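In the form predicted alone, a lone chain appears below as structure tokens.
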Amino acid sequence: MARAMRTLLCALLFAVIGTAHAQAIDPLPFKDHAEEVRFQKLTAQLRCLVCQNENLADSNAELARDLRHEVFELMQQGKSDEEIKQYLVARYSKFVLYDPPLDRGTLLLWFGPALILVAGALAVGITVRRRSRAASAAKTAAEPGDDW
């Protein structure tokens, strides 16, 4: 009985998740399945400008819907994926790219977390070393026979 309830709850959860994801899909008149796949792949590489950490394909925001339609229209005009990305970067900056390229402007974005991690490790190492020195100095200053 408990197993059946778990299965039912899992099925219900997946149905709700699938419904929420399906709301972001607009019914666009694709010529064929390949064009639809290209559109989905391209919009998955573009960031929603008003949402945090959502791509254009998954976002339900009104601006994301407008941008999806704009991407679709650019595809209908025969633009390549790179031309569409360049158009959107020129209009909205590199922020629109979900995976920005590595260049001078994005160095901190790519390597900033590693720099913070190294700085934190150095701070922990220096603190441990200072405490160790202070403890050994206190131990040598203590009288012999006072072991505890």
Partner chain sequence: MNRLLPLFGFLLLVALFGFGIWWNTGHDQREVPSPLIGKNAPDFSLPYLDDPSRTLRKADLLGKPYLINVFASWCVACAEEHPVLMAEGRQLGIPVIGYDYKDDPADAKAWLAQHGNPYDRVIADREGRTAIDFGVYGAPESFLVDAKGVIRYKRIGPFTPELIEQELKPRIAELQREAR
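Residue numbers count along the first chain shown, from 1. On a predicted model such as this, the values are computed, not experimentally measured, just so you know.
Unshown form predicted in complex with the partner chain; subsequent notes refer to it.
Please state whether every one of the three residues 30, 33 and 75 places a non-hydrogen atom within 4.5 angstroms of the partner chain in the model of the complex.
No, the candidate spot makes no contact with the partner chain.
So which of 44, 50, 117, 37 reaches within 4.5 angstroms of the partner chain in the model of the complex, heavy atom to heavy atom?
Of the listed residues, the single hit is 50.
Quick one: from 103, 99, 82, 66, grab the residue that has a heavy atom within 4.5 Å of the partner chain in the model of the complex.
By the 4.5 Å criterion, the partner-contacting residue is 66.
Does residue 130 reach the partner chain in the model of the complex if we count a contact as any heavy atom within 4.5 Å?
Output for residue 130 is yes: heavy atoms within 4.5 Å of the partner chain.
Although the partner chain is absent from this view, report whether residue 70 comes within 4.5 Å of it in the model of the complex, heavy atoms only.
Yes, residue 70 lies within 4.5 Å of the partner chain in the model of the complex.
Does residue 90 reach the partner chain in the model of the complex, with heavy atoms at most 4.5 Å apart?
Yes, residue 90 is a contact residue.
Whether residue 111 contacts the partner chain in the model of the complex should be assessed with a 4.5 Å heavy atom distance threshold; does it?
Flag for residue 111 set to no.
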